[in-house]
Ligand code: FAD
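Here you get one chain, nothing else, as structure tokens; it is the form predicted alone.
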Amino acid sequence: MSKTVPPISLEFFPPKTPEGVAKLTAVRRQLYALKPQFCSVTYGAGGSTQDGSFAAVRAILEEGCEAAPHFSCIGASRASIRARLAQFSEHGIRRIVALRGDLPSGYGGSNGEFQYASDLVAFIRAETGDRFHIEVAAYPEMHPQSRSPQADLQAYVAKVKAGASSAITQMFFNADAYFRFVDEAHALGATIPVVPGIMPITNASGIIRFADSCGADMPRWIRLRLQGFGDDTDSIQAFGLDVISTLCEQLRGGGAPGLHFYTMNQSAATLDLMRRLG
């Protein structure tokens, strides 16, 4: 198996306090040693943390790393999307993670002028041509709100045909699911790079809860082992490092074009994984 580590990228979420901003700045400095291709920054339902996200993106750019804001369209107008794209261009942003996004709690209005992420991708391309590298989401085990795997795959293909540049997957634990998804997408003409999204395991209850909420299949043996460790954090993290580093080895051995780490604004777990991968 090749020991070449594919390009990596990192995901952060916007901190809500000055202390959180300072902590994330320190975390980024540690992780820049990995020479990430870019860093993405999430924001909450309905753009609820949009200003904090944009501040984090600007900070990353100023630190000399390419930054990609998450950009959702649910509830948005064409005018608001156009204005935000102009703001991105003005600040030197050249990469966007284009998403449908989740409705904010209590949202009772219409869904705005965009219904799907493919609508957003098509609009960005129509408005700005090739100015932006557009990342989209991929779900090897199906989006939890999709009607069927086939419908989910068609939704993904629609984003690719609308002009997506590459894709980042939801977290998963089964490399076969990833490779099957890529093969099925390629068969339908969607041949852009699909980068696996990697979630380090640092906390048993947290990772189990997150997997259940996003529809990621956690194999029973992993779930039972994690639950069996109880509050033994060291054992949970050692086991998690074994599980996720093995997954990464399988992915890079099969030719995955990169690895995208969901850092949860922490550095230790991602650094440990990269040391294990050599």
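The numbering used is simple: start at 1 and walk along the sequence shown. A quick note: this is a predicted structure, and the numbers were derived from the prediction, not measured.
Not pictured, yet referred to below: the form predicted in complex with this ligand.
K.L.:
Specify the contacting stretch among 114-122, 201-209, 75-83, 181-189, defined as having any heavy atom within 4.5 Å of this ligand in the model of the complex.
P.N.:
Among the listed stretches, the partner-contacting one is 114-122.
K.L.:
Find the only residue in 194, 162, 96, 99 having a heavy atom within 4.5 Å of this ligand in the model of the complex.
P.N.:
Checking each option against this ligand in the model of the complex, the one that comes within 4.5 Å is 99.
K.L.:
Which one, 139, 132, 173, 88, lies within 4.5 Å of this ligand in the model of the complex by heavy atoms?
P.N.:
Comparing distances to this ligand in the model of the complex, the residue within 4.5 Å is 139.
K.L.:
Can you work out whether residue 28 and this ligand are in contact in the model of the complex, taking contact to mean some heavy atom pair no more than 4.5 Å apart?
P.N.:
No.
K.L.:
Spell out, yes or no, whether the shortest heavy atom distance between residue 155 and this ligand in the model of the complex is within 4.5 Å.
P.N.:
Yes, residue 155 is a contact residue.
K.L.:
Is there a non-hydrogen atom of residue 37 within 4.5 angstroms of a non-hydrogen atom of this ligand in the model of the complex?
P.N.:
Because no heavy atom of residue 37 falls inside 4.5 Å of this ligand in the model of the complex, the answer is no.
K.L.:
Should residue 146 be classed as touching this ligand in the model of the complex when contacts are defined as heavy atoms within 4.5 Å?
P.N.:
Output for residue 146 is yes: heavy atoms within 4.5 Å of this ligand.
K.L.:
What residues, if any, in 69-84 have a non-hydrogen atom within 4.5 angstroms of this ligand in the model of the complex?
P.N.:
Heavy-atom contacts within 4.5 Å come from 70 alone.
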